[in-house]
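Encoded as C-alpha cells, the following chain is the form predicted alone, with no partner shown.
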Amino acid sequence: MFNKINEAFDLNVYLLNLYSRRQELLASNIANIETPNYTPSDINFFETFQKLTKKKTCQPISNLYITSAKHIPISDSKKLNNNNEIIDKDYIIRKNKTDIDTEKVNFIKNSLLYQMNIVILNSKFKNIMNVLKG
C-alpha cells in the first residue's frame, strides 16, 4: 500500500525538482543579462523529464535512518535522490544569446507551473487523508 502511495508522488517529485532547478537557471540568466561573456543556460524540460522518468536509477540516499519502531522502512528501490541527477550538467543546455523579455516570460511560466504542481500535490495529500480517515 505504501509503495503505491510513494509511486503516486514520484511524478510530482520529478516535476518539482525540475521546475526548481530551471527556476534557478532562469533567475541567473535574468540577473546576468548584461554581464559580459555570460553564457545563459536552461533545461530542455520535456527531454530531461522523459529521461528521468525512464531511468529511475537515481543516487541512493545514504543518510536516512530508522530511529523509531513506528518508522516505515524504505526499500532500496525507493531510496532515490533526484536532485543529484537534475543538478547533473548533462541536462543543462547553453544558449548563445538571450532576450530579457523571453527570460522573464519563461521565469513566470515556470513559477506558475511549479505552483500548479504544488496545488496538485496538496490535492493528492487531501485525497489520501480522506481515504485513510474513511
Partner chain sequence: MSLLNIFDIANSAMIAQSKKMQIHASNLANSDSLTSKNGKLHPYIAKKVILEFDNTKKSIFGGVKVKEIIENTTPLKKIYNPNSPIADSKGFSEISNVNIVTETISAIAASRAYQANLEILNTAKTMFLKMLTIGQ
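Please read these numbers as outputs of a predicted model, since none were measured by experiment. Numbering follows the first chain given and starts at 1.
This protein has a second form, the form predicted together with its partner chain, left out of what is shown; the following refers to that one.
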| said: in the predicted complex, does Phe46 come within 4.5 Å of its partner chain, counting heavy atoms only? | reply: no
| query | Is there any non-hydrogen atom of Leu25 lying within 4.5 Å of its partner chain in the predicted complex? | reply | yes
| query | Wondering, does Lys104 line up within 4.5 Å of its partner chain in the predicted complex on heavy atoms? | reply | yes
| said: Test of understanding: in the predicted complex, would Gln50 fall inside 4.5 Å of its partner chain by heavy atoms? | reply: no
| Any residue of 10 to 36 that, in the predicted complex, places a heavy atom within 4.5 Å of its partner chain | Leu16, Ser20, Arg21, Gln23, Glu24, Leu25, Ala27, Ser28, Ile30, Ala31, Asn32, Glu34, Thr35, Pro36
